[in-house]
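Given next, in structure tokens, is a single chain: the form predicted alone.
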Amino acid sequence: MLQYRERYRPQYHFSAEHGWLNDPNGLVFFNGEYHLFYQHHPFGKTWGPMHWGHAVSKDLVHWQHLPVALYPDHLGTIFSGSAVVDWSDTSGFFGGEPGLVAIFTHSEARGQVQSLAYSTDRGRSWKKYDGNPVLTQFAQEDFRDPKVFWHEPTKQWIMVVAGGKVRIYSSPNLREWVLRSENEIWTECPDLFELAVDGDPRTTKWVLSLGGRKYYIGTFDGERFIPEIGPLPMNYGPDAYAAQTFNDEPRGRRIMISWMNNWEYANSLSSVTDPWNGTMTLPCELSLKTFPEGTRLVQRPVPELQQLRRAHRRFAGQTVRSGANPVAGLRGVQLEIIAEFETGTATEFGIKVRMGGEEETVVGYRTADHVLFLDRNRSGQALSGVYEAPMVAENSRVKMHLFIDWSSLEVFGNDGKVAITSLMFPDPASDGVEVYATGGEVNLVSLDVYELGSIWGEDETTRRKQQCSSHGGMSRLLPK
């Protein structure tokens, strides 16, 4: 039985049981379950013939692996796409009942086309549509990654397709599609969705996500997206790509998951991780908020993650200066850290994690140029780099929200105004934590540190025994 205790196995980020994983696909909620499909090569740890892997969750945190949903066939391999609930059986696949329909790209040497599959048993088995492919118009170009959703004002299905352009189609039944508009934007894995501005449902804007790297804000009338703001960065880190959001989220939230990796080195990481290669980011809720510089996308980890919190330490009202670490003795490789600083005379301050020997990963803030940064140049094997996000202190306060897992670090600044996502592969024994300041002093208003549990199903007693004995100190409990 797989124990999910391999050297760099994520403990609360989703990964496949084995084999290669990349883009999240088919994110949808139906009949009490969140469905996560993903690009999957079940027979190797590098990119290969694409299948759709599959998992379900009742809470966006704990995932149950299911058998591969879609296999390659005579039309090609199964590239990225989306899934919808056909509530009114517009497709005619379900005998008048609601059901799940997957819309995906068939890819082969002759080109890329869009196809359908459907499930009558809550996604446990899938039948490909006999009339596939349903869209072949630009098969000889980059023409892939369909995101489909129901547009209530015009009572039709909308498909956004990536490639040399962003193309928007409409359909009454998911089987017959008409091209409505084109935007001269190259991307992969597009997404298009509507969000309230500042929480006011009477004022909404549409967001066009370009693979989770950048986004536009604008308007959409059922045929044409008109950008008004952008493009703007969505994530300033190296390892957030192919972002997708859930259709039919039951509370009306817009929840996003991305592939936590980078095509520059994803295949080479097969020599580092085993028996899997590829991880998903944490699910984040998206919103639009007005700032002095304009309307911007905000992303915050879903509150369901708080159920993973275990041991807790809190620090408050301490002055941080060079050479003094007010959290000395804190250790951990499976942590959530929430910190708020009040700027003072320090030119730089922040938090160092996964410290040990010559290793450390730094999340810092530079006051002179108002930059939040992540430095992984000493984060262990395979990867390096410094990644910066502009972020002005608000009322002289800087907030940092960190999620540290066995091989990753996700950072959210100032309540999700900026995000930086990064893989890292330090020695398992590198588990120190430090709050630091240079060039002066900074006030640590508050710092909360939570040990986080694993999502992989063991009870608390077993979890602690396995962690304390795993891999020469892979996990350290917070000191009392």
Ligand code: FRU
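All values derive from a computational prediction rather than experimental measurement. The first residue of the shown sequence is 1; numbering continues from there.
The same protein also exists as the form predicted in complex with the named molecule; that form is not shown, yet it is the one meant from here on.
Using a 4.5 angstroms limit between non-hydrogen atoms, M424 is distant from the named molecule in the predicted bound form. Taking the partner from elsewhere, E359 is found to have every heavy atom lying beyond 4.5 Å of the named molecule in the predicted bound form. Using a 4.5 angstroms limit between non-hydrogen atoms, K165 is distant from the named molecule in the predicted bound form. Taking the partner from elsewhere, D405 is found to have every heavy atom lying beyond 4.5 Å of the named molecule in the predicted bound form. Using a 4.5 Å heavy atom cutoff, none of D191, Y215 and Q299 lies near the named molecule in the predicted bound form. Segments offered: 336-344, 351-359, 239-247, 224-232. Contacting the named molecule in the predicted bound form at heavy atom distances within 4.5 Å is 239-247. Only one of S80, S258, Q114, N277 comes within 4.5 Å of the named molecule in the predicted bound form through a heavy atom, and that residue is S80. If you take 18-49 and check each residue for a heavy atom within 4.5 Å of the named molecule in the predicted bound form, you get N22, D23, Q39, W47, in sequence order.
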